[in-house]
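Quick heads-up: it's one chain on its own, the form predicted on its own, in structure tokens.
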């Protein structure tokens, strides 16, 4: 479904529900993480992309202070007063937008609420960040409705705050940044120390496939916390050893890791190797794209997954199978896990003309191996969030 088709469908739902047309429309895409795994909280780098699937949010002014919000897939409504915006555990889908609006209220110049409805083409549970797309579409739509002008990076941080305070997810800000700053045919390069964002071209002759494993794995808090703590331990260790400031693993080179790895706590050394290597892979990947070396970029994706297996230990048999098969299938240029790991999705780099044969070559063996199917979505790096 194109963005225009999504807008038409969403507008029809809005008019049917409220009996009048919308006055503002906004769209925000989901995202994929291409290289840069667990680097964000280590003040490192990530290469990501806005995708060709997203959320459309429509709104119109309310006659009073009441806000009404409808989920267009469920056709279910939540209503609340704009002066009493509270988290509700029974309607989690509404909390993302409530959290965004709560941060925008100080900029609202009148006491009128809004009527809103959203509809999405981002598949849930596929690791494509439907929540960030919802937050950014709502942020732009509500800013448009109230005449609020805020810089994109501030809107990204508002979306992150909504996740933390209203959805209960302590995420980074990579998803929101990717949704806002995406550019057709480009990847988004984010620096999570300075929050500087750039785009780097990948061209129209390449796309990504996101392969959902449907694996029954979960990112257990203990596993995530151990890895984060190990990274902090490693950074503190290097800070006491190196003759330059080390605030995070972003400040340590692979040469320095190789020099000192045998003196470090073993687990911290392994975790550090992944993060340090990922940061270097992101920078090398951006340079490879600039010079048109897509073969080397794909190699870096495979190397990233290998590090996830050996050093960070955040993969799983299903993800490893997809990546291992990808090395054998003609037309796949690179593959790795995407997101937190321990399940979820793998991202593959390919030419658009090879998508059908790749999906067929993966699906049969995967079903035979694990007894349940995988899902395959074609992802095209696309433009970021915008008012329609």
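Only a predicted model underlies this, so the values are computations on that prediction, with no experimental measurement involved. Residue numbers count along the first chain shown, from 1.
Omitted from view is the form predicted together with a small molecule, to which the following refers.
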Would residue 120 show up as a contact with the small molecule in the predicted complex if we use heavy atoms at 4.5 Å? yes
Does any heavy atom of residue 124 come within 4.5 Å of a heavy atom of the small molecule in the predicted complex? yes
Can you check whether residue 96 is within 4.5 Å of the small molecule in the predicted complex, heavy atom basis? yes
With a cut-off of 4.5 Å between heavy atoms, is residue 210 one of the residues that contacts the small molecule in the predicted complex? no
From the candidate stretches 129 to 137, 183 to 191, 296 to 304, 81 to 89, select the single one in contact with the small molecule in the predicted complex, where contact means a heavy atom within 4.5 Å. 129 to 137
Contacting member of 73, 287, 198, 154, with respect to the small molecule in the predicted complex [4.5 Å, heavy atom]: 73
